[in-house]
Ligand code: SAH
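Coming up is one lone chain in C-alpha cells, specifically the form predicted alone.
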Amino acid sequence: MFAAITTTPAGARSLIPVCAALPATLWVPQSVAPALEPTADITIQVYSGPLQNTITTLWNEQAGLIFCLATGAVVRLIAPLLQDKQTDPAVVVLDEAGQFAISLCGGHQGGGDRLTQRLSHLLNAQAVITGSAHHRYLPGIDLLGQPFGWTKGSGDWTRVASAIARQALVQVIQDAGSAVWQQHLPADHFFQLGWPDVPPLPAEASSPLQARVWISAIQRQFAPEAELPKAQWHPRVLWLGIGCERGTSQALIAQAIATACQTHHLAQGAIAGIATIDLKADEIGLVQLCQERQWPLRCFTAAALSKIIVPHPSAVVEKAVGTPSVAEAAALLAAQQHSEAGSDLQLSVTKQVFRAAAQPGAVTVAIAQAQQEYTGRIGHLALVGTGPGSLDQITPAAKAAIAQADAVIGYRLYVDLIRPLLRPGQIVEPWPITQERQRAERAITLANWGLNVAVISSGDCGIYAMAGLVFETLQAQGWDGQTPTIATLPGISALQSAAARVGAPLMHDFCAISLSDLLTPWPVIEKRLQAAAAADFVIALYNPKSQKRTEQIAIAQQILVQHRAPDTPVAIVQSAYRPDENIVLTDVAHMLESAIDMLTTVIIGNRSTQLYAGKLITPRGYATQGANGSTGAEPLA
C-alpha cells in the first residue's frame, strides 16, 4: 500500500497519474479537495488538522509514502518518526513539475530506491538515488536474497554494508542456493567469492578482509562486537521429512524440528517446507504448523515413497503404511523435485525420533538439502515491447515493468538499448539472435521458480516478437493459465516507427509480412506477397534481408513490380529512432539499390500513395477529389 501526500492543487495534479499507476491513495487537505474532480481511477482521502498527525498514522500502515512537497518540509515531518532502516517505510519526494524523484528514506530495505526508479519511469523524471551501492551497480547486501526467497539470518548487517560502501574486500562464501546473482555482478566488484568449494579462511588478525557473508543452510553463531563483521543469508533448501503418530500436537512437531536443526547446526530460516505421506495430509498439528510458518506441505503416496532408497528402512513402518520409510524418503523425494534430474542427494539428517513426557504422540524428522531453493513466490512474466529503441519511445508501463523485474531477458542488442532502465541486483541475460525459443524457455523456467521476469522485444512484443513464443511454450508445458501470472505490455511497432519517420503511409488498409523463412516456409510467404500485392495493400516488410538470406527481398520486388507501377513510393527505414538511423525514399523499381538488413523496415505504398515534400502520404480513401477539395473518403474515426 502506498500513500501520496500533497498540500496544493498543483501537487495533486502531479500525483494523480502516480496514484492511478501504482496504485496509491491520494491524501489532500480540505482546502484542496474541492479543486479535484472525482475519478474512478484513484482513491482520494481528505485529512483535517495538522499534516503531522496524518503522517504519524500512515507511517506504520503504508509500504511507502510519496510526497509532493518541499524536501525540507518532508524531512521535518518524518524526523520524529524515524526508528530503524529495517522498519521505516520508503519515502520518496517529487517536485510539482515532475522533474525529479528523490529517494529520501528506506532506500534499501524499505524499497525506496526501487520505488523512486519506478516513479521516475512513470513520470519521465530524473531519479535521485544517493546510495553508494546503487551507483556502483551493486546489489544491496541486505536485499541480495529477497528475489530468491532467502531468509535474512543473524549478523552485523550495518557494519557489513558499511564495508561494502567503503569498497573494502568482502568475502562471500556460498554453499547453498542459486549462485545466479554472482553472474551479474559488475566486473569491478570487490567481493571474494567462494562457490561451491569454500576457500581456506584467512586468520582474522592478518586478513585483508573487512567483512564476511555466508549464504548457507548452516546456522553460525557470531560473537558480539567481533573485529570482523559477519552476516548470513539462508536459502530455503531444507526439506523436512516428517512422520508422526496420529494426534501429535503442533507444539511437539515444532519442538522436534527445532531440536533437530539445533543439534545439526541448521538454520530454521533455511527450511523450504515439510514432506510426508499422503495419509498425514489432514494431520491437524502438521497442517497448523505449516500454515503458521508459511511452509508448503508436500504429501506423497506410499508407492512413490517406497521407490526411494533410504539408509534406515523399517519393516514395521512398511507393514503399517505401505512404505519402509516416511520421513527419510519424503525428505529425499521433496529435495529431488527441487534439484537437477539424476542428482545423488544424501540426507543431511537421518531420521530422528522425538517424544516428550508431557505431550502425547511421537515425531520422526529427517532432513535433505535441495540444490535449488524454494522461493515461496508466484512467478510473473511481463512480455514487454520496448518500441524502436529510443528510451523516450518506451511506454511508462513498459519502463515500470522492466524496473520491477527480478530478471530481464532479451536479444543482446535490445538489452543494450534499455540498459539505462536496469537496476543493480537484477538478473540480466542478453541472448544471441535466433535463440528465441531458448529465451522463452529460460524466462518460463525463472518464472516457475518464482521470479518476476521481463521478456523484452523491440517494437511491439506481440508482432513478430517474443509474446507468441512464450505463450506457445507455456501451452506446450501444460500451463494452467494462472501460475506463473502473465501480462503483455505493448510497444510502438517497427511499422509504426518507420511510418512516423516518413510521413503517413499507413492511412489506408495495410499488412505486414516477414520475409524470414526460419519459422515460416518460403512458399507460404511468397503466396502472401502475391495476395497482398494484388489486393493493393500498403505492405510493411519485416526481416527483409540478412547476411545469409539475400534472395527473398529480390523475389519480393519481382512480385511487387507485377502489380505496382514502377514509380510506386517505397520507404526503406533502418534503425528508426536510433543514433544510426538511415532513411531512403525510393520506388519499387529502384528499391534494391539501397542498403537493406535485418534492422530495416521496408514500406511499399499502394497505387494511391504519393511522395510529396519528402513525405510518403497514402490518402485515407480512394475517392477522386471533389470540387470542394475533399477526398470523398469516409471521415476519420
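Don't overthink the numbering: it's just position in the shown sequence, from 1. Given the structure is predicted, the values throughout are model-derived calculations rather than measurements.
This protein has a second form, the form predicted in complex with this ligand, left out of what is shown; the following refers to that one.
Asks: Counting heavy atoms only and using a 4.5 Å cut-off, do Ser458, Pro544 and Ala576 all touch this ligand in the predicted complex?
Replies: Yes, all three are in contact.
Asks: Can you tell me which of 42-50, 606-614, 592-600, 56-64 lies within 4.5 Å of this ligand in the predicted complex, counting heavy atoms only?
Replies: Going through the listed ranges, the match is 592-600.
Asks: By the heavy atom within 4.5 Å rule, which residue out of Ile173, Ile559, Ile463, Val428 makes contact with this ligand in the predicted complex?
Replies: It is Ile463.
Asks: In the predicted complex, which of the listed residues (Gly107, Pro388, Gly503, Pro147) lies with a heavy atom within 4.5 Å of this ligand?
Replies: Partner contact (heavy atom, 4.5 Å) among the options: Pro388.
Asks: Answer with yes or no whether Ser493 is in contact with this ligand in the predicted complex, where contact means some heavy atom within 4.5 Å.
Replies: Taking the distances in the predicted complex, the answer for Ser493 is yes, it comes within 4.5 Å of this ligand.
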